[in-house]
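Presented below, as structure tokens, is a lone chain in the form predicted alone.
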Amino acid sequence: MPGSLEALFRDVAPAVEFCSLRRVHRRSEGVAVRRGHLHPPRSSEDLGAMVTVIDRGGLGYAATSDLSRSGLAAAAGRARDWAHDTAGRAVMDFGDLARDTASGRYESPVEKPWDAVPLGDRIGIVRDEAERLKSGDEIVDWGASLYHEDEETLLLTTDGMRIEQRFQVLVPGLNATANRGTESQTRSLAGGALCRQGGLEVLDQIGFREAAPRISEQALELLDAPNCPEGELDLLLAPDQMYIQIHESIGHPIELDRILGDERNYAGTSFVTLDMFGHYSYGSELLNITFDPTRPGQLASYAFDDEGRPAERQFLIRDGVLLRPLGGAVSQARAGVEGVANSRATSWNRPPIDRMANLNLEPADATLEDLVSQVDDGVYMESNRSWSIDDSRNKFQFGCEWGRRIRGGALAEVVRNPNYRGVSATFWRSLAGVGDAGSLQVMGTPTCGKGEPNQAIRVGHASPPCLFRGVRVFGGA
């Protein structure tokens, strides 16, 4: 198929300054068991391509699921017409955009392929773990699931670029809800954040088969726990809460197209402005954030973005100072600032836009025990269950599944319904402790939404536990 597609592309590409074709073939399957009942296994397959044209200073694109010669020719013609229609009317002259001509390959590391294990055995894995979650009568809802995605992309250009990438992703899930009277509490497998590139070996990497007893035990324990206290206290966040904190209050605010106003209608703008890069104190000197699509096995690793830009590790925030945005080639040209290779699309029928990839908080040298010992009066929180952030990605509020009081440098009683709120820059400037490499965990989310029409995409986050001073903490219903 790729060989014949390349010949068709060369045949139908119009006589323009630049033309590209991005083909995406995605296959997915999900298996789930809830309350002892097997859900019908879900599978899907999606195949199509997008043709992009730059000519006369304009840019146009058109997508099609018809990969015949006539289908591709029609898409190429529509893309050329749109490019001519936008010439002189767009936010920039796209003919001035520098273009890469690199070629290469990328493939997710896989040790135990999903398809090498029979469907019945995959169902057996989730059925076994679901049964282990039902540890007593007060566990009233419980379930386990596995979702696998296999995506192959091919990017071709009239400049001679040829990039093949294959991504295999596993998303495991476990959850248990306990109830007594009017009180219900839920615990899950890291709030659903333990998803990675790879095959079934990911289950061993994240301790999937050991997690069920702990999850159900903690759900039951929360029924008897007091509510989280309210006040300004020190806050220690586990990696499975840090991932969403990084995502919402660093990742989205520094997306360059959002700063330029492109997300205003859908998901808000940003408190970050262009003149902040290079000197703005985003957090304390312990805050070091990298854009790293090169990390093996992380959810959003790749060698090239969807416009063919080679990916490399870059510091976005170093020693607390904001250095560069999450902006791809088009946004960089519009804004006149350096960004990263992060133009990404959710599928063949969406254009690439500025997206997070692997956005990681770099470790320091403290163990979890060291961080706990530094707290005289505070709360430790795990596993996100709710989030809210304003239109400028500044003021936020998060709720977690699990909390423990910290008294006199030691973990104390469990508390339920732990929540906290803050303002992004103030919060990150209160960062007082960062865990070491041994405490770092690789997390992610498979469905980060952005753009009009919406694009849900894979994003990775790695972080150790982190300690913050004087955060507004409170309980909830």
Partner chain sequence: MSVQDYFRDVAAELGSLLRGDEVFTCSFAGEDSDFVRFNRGAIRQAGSVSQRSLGIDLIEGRRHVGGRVSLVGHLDEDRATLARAVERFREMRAHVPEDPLLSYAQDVKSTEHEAENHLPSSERVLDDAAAAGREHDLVGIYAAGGTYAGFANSLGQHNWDRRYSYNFDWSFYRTADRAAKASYAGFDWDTAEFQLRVDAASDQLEHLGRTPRTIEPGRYRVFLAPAALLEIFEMLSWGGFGLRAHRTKTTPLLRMIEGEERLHPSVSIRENTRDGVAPAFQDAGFLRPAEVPLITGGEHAGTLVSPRSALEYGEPTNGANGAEAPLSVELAPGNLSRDRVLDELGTGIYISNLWYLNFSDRSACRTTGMTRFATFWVENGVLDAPLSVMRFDETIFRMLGENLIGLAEDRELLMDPGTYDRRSTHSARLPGALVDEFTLTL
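Worth saying up front: this structure is predicted, and the values here are computed from it rather than measured. Residue numbers count along the first chain shown, from 1.
FYI, the form predicted in complex with the partner chain isn't displayed, but the following is about it.
Colleague: Going by heavy atom distances of 4.5 angstroms or less, which of 131, 164, 221, 141 would be at the interface with the partner chain in the predicted complex?
Modeller: The residue from 131, 164, 221, 141 that makes the contact is 141.
Colleague: Would you mind picking the one in 160, 120, 207, 226 that has a heavy atom within 4.5 Å of the partner chain in the predicted complex?
Modeller: Of the candidates 160, 120, 207, 226, 120 is the one lying within 4.5 Å of the partner chain in the predicted complex.
Colleague: Pick the stretch from 369-377, 208-216, 173-181, 310-318 whose residues have a heavy atom within 4.5 Å of the partner chain in the predicted complex.
Modeller: Among the candidates, contact is made by 173-181.
Colleague: Does the partner chain, in the predicted complex, lie within 4.5 angstroms of each residue among 135, 429 and 470, using heavy atoms as the measure?
Modeller: Not a single residue of the candidate spot has a heavy atom within 4.5 Å of the partner chain in the predicted complex.
Colleague: Quick one: is residue 349 in contact with the partner chain in the predicted complex, heavy atoms, 4.5 Å cut-off?
Modeller: Yes, residue 349 is a contact residue.
Colleague: I'd like to check something about residue 38: if you look in the predicted complex, is any of its heavy atoms closer than or equal to 4.5 Å to a heavy atom of the partner chain?
Modeller: Yes, contact at 4.5 Å.
Colleague: Answer yes if any heavy atom of residue 127 is within 4.5 Å of a heavy atom of the partner chain in the predicted complex; otherwise answer no.
Modeller: Yes, residue 127 is a contact residue.
Colleague: Does any heavy atom of residue 292 come within 4.5 Å of a heavy atom of the partner chain in the predicted complex?
Modeller: Taking the distances in the predicted complex, the answer for residue 292 is no, it never comes within 4.5 Å of the partner chain.
Colleague: Pick out the residues of 73-88 whose heavy atoms come within 4.5 Å of the partner chain in the predicted complex.
Modeller: Contacting residues: 78, 82, 85, 86.
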